[in-house]
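Taking the form predicted alone, here's one chain by itself in structure tokens.
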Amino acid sequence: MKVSIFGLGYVGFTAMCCIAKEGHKVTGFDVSEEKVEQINNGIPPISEPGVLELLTNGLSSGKINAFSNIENHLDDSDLAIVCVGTPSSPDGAHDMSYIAEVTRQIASKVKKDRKSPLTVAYRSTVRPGTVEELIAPIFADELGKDFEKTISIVYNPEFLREASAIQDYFEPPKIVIGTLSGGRNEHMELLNKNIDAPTFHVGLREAEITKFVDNSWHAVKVAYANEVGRICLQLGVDASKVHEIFVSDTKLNISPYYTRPGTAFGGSCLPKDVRAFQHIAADCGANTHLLDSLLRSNEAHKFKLYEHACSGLRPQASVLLVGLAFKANTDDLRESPSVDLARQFLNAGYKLSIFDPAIQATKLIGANLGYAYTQLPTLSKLLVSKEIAERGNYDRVVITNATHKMLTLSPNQSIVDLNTLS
């Protein structure tokens, strides 16, 4: 099968590598010529364990190539997967401009006389009703009201976690295939034939709402756990021991994921999807007071973490921040709570150094680059090597994620671990 992927960020690029590993030929498209050139030269545009090997194998076998223009590359494609971004708009809703533009491009390039319809599967998180009210009308405007003879639209949400994306691709918690009829699609069946996971064939709107429900639930768990953690911190209770007790109950409580008191939630999905879900709820009059409190609780936790991290520090003290991305082994800085923490340290006049080997300032691109330098203009000067981090005599070492496992820290140093609130 020949697969085309639109948008080569974390989701699209990972999918490209994994689909090629399955033996399909994958052509990727991205507006960033720099990103396209990197991929074709065997350089992953993201930091993600395992993708370099998959990219190298895909290029050497001729299964992977990338372009910045569609031209006639869709002519023999069986499946197109859309993975472009849906960032937050000022009102909290998702910005659908990238979805609309890519849809127009596909509609203008696909041949109307195809022998069988091109399956176009959308993986970007979108509001329920988007396929029927935005995407389908664009195809209809370009191809005519009988566009379904040329295009078969699918909504197929992804469930990838950064730093474990390859494993999550091949071992997802579930597969959700949304179609207008709620039935099967032959190309999606072929794409997923080697993946063993519960599969749901549903209508488009049921599929579209899935990521909102999942990501908001993850945010609820993080916010609840962190509120418990703040209470423990105030009362002198060992939050990690409370967490151990809580997650041991697999009959009445839930899994340990997202329920450990520690750092605030962040990254490219949870904050923006919670905002968008809040917007949807307000727009339809659902009055979701719990959802509406999540981001406020998360911001309160960020401030408490900062207070805890600099407690007892003298003015202009030296601080080593261990971990800047929201998660170890990734270079995604978008809405990372550690970026907010770093900015607070700098604004307070502390002498800040940052250790995070997954982040190379000169290799950040796209939205990740824009966010990083908007929030931390001096990022390149703040990053230090492992050697400097280990030998530096810092007044305080602040740990934000599992990056600290890469360092040998002196037990004589003043260490605050925000993962465990210790």
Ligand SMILES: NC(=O)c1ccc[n+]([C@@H]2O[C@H](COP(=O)([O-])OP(=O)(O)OC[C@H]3O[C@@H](n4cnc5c(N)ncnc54)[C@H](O)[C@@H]3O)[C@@H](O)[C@H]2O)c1
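Source: prediction; values computed, not measured. In this text, residue numbers run from 1 along the sequence as written.
The same protein has a further form, the form predicted in complex with the named molecule, not shown here; the description that follows concerns it.
Heavy atoms of every residue among Tyr10, Gly85 and Tyr98 are located within 4.5 Å of the named molecule in the predicted bound form. In the predicted bound form, the named molecule lies within 4.5 Å of some heavy atom of Lys35. When contacts are judged by a 4.5 Å heavy atom cut-off, Asp356 does not count as touching the named molecule in the predicted bound form. For Leu160, a non-hydrogen atom is located within 4.5 Å of the named molecule in the predicted bound form, even though that partner is not displayed. Although the partner is absent from this view, Lys211 contacts the named molecule in the predicted bound form, with a non-hydrogen atom inside 4.5 angstroms. Note on the partner interface in the predicted bound form: the residue among Thr330, Asn226, Ser124, Ser338 having a heavy atom within 4.5 angstroms of the named molecule is Ser124. The single contact residue among Leu52, Ile388, Val31, Ile365, judged by any heavy atom lying within 4.5 Å of the named molecule in the predicted bound form, is Val31. Residues within 4.5 angstroms of the named molecule in the predicted bound form, judged by any non-hydrogen atom, belong to 160 to 168 and to none of the other stretches in 342 to 350, 136 to 144, 242 to 250, 160 to 168.
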